[in-house]
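Have a look below at one chain only, the form predicted on its own, in structure tokens format.
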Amino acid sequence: MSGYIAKRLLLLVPVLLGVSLVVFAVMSLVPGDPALAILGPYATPERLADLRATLHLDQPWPLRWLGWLGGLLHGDMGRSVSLERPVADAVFERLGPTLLLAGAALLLGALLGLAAGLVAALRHNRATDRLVTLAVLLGISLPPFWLGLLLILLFGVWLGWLPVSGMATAWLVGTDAAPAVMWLDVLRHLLLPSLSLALVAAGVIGRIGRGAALDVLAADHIRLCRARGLSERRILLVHVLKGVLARVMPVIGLQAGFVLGGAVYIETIFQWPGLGRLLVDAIAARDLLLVQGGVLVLATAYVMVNLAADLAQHALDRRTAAA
């Protein structure tokens, strides 16, 4: 097991190097002068030259990439020009809300998807199976930002049940409210944005889960369990669920990338104070170092979640050790 973990950890290095290289290359290919975009059209040539020298824009981007990697080894991501503060401070300050949003969406999507897949498989070729399959296909087809707007319109504007912006109610921030009250308020603000991402993830997980559940239900060891007289509830919760989880776990890991990437525009729609919204502002301001640092941190989080999913699959099914 330790060797498997070490092997997967070693694979993180080339993946993250590749991500940083792609981000650097893409940002360098964007047309226009970053210094001019930051300072504006009325900046003097001297100020433009100073900023280009500060950001090393007068050097080829491969050299700037190598220099940035050297700074990362010392824990330095550079300094944000638009925020006038270290990139690491700005990124990790916003990382918590994004991980909260993405984690809630992934957990909710996994629970809904597994439930939908199991129900459809248990009611195979019946009306329930067709209804669940239709709902799954709709979840896969609808874009999260459109779902978010519909949820805002329904639960925020028409019904007025849930807040539609921010992470907490303004009058609670900075008060001596009880922690339970604060967390309940955060959960109320979290529900709509997480649900916008979770419904699409649930569609993907549910579709794969249905096929996996059908295969597990037809397996020989399930027939043996029934022949031994085990209850259907125990067979479902112990044997079927374990087999389905082992097959669906890699898909759940892949959906982590979807919810982290989707957080960029979902946070913008719901004004969620996370890293995705910070990246949107950094791209608009052409803050290269802030974009690079934020994308690298999100990519690291995605890779770590995939690693956790692989380890969970390995624990559920040891036959994946040779993979």
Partner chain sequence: MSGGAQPLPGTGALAVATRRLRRHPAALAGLALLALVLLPVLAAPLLSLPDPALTDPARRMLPPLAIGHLLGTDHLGRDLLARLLWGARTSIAVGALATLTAAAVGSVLGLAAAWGGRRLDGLLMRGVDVLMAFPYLLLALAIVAALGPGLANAMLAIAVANVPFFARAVRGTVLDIRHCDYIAAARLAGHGEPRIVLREVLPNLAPTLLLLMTTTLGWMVLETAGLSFLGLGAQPPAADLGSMLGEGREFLTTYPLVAVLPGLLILLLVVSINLLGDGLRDVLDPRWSPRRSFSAPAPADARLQSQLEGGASLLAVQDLGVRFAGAAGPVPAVAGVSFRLNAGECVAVVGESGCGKTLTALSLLGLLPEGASQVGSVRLAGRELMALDGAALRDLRGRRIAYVPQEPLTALDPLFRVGVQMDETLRAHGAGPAYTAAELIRMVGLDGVPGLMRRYPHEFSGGQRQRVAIALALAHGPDLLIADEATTALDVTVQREILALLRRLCDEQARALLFVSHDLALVAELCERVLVMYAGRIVEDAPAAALLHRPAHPYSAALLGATPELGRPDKPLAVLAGEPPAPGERVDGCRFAPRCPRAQRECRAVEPALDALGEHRLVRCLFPIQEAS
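Take the two forms, superpose them, and find the largest set of C-alpha atoms that agree within 1.5 Å; that set is the rigid core. Numbering follows the first chain given and starts at 1. Source: prediction; values computed, not measured.
Beyond the structure shown, there is the form predicted in complex with its partner chain, which is absent from this document and is the topic of what follows.
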Exercise for the section: Tell me, yes or no, whether residue 146 is in contact with its partner chain in the predicted complex, where a contact means a heavy atom of each within 4.5 Å. Expected result: yes
Problem - Exercise: residue 262 in contact with its partner chain in the predicted complex, heavy atom 4.5 Å - result: yes
Handout entry: its partner chain contact in the predicted complex: residue 286, any heavy atom under 4.5 Å
Key = yes
Practice task
Would you check, heavy atoms only and a 4.5 Å threshold, whether residue 303 touches its partner chain in the predicted complex?
Solution key: yes
Problem - Segment assignment from 215-223, 89-97, 105-113, 180-188: heavy atom within 4.5 Å of its partner chain in the predicted complex - result: 215-223
Problem - its partner chain: the contacting residue among 26, 36, 49, 69 in the predicted complex [heavy atom, 4.5 Å] - result: 26
Handout entry: Contacting member of 195, 204, 83, 167, with respect to its partner chain in the predicted complex [4.5 Å, heavy atom]
Key = 204
Problem - Contacts with its partner chain in the predicted complex - residues in 211-244 whose heavy atoms fall within 4.5 Å - result: 211, 214, 215, 217, 218, 220, 221, 223, 224, 226, 227, 228, 229, 230, 231, 232, 234, 238, 239, 242, 243
Problem - Core-superposed comparison between this form and the one not shown, residue 306 Cα displacement 2 Å or beyond - result: no
Problem - residue 27: Cα shift of 2 Å or greater between this form and the one not shown (core-aligned) - result: yes
Handout entry: Sense of the change in Cα distance from residue 34 to residue 271 in the predicted complex - at least 3 Å versus the shown form
Key = farther
Handout entry: Distance trend in the predicted complex - C-alpha atoms of residue 37 and residue 289, change of 3 Å or more
Key = closer
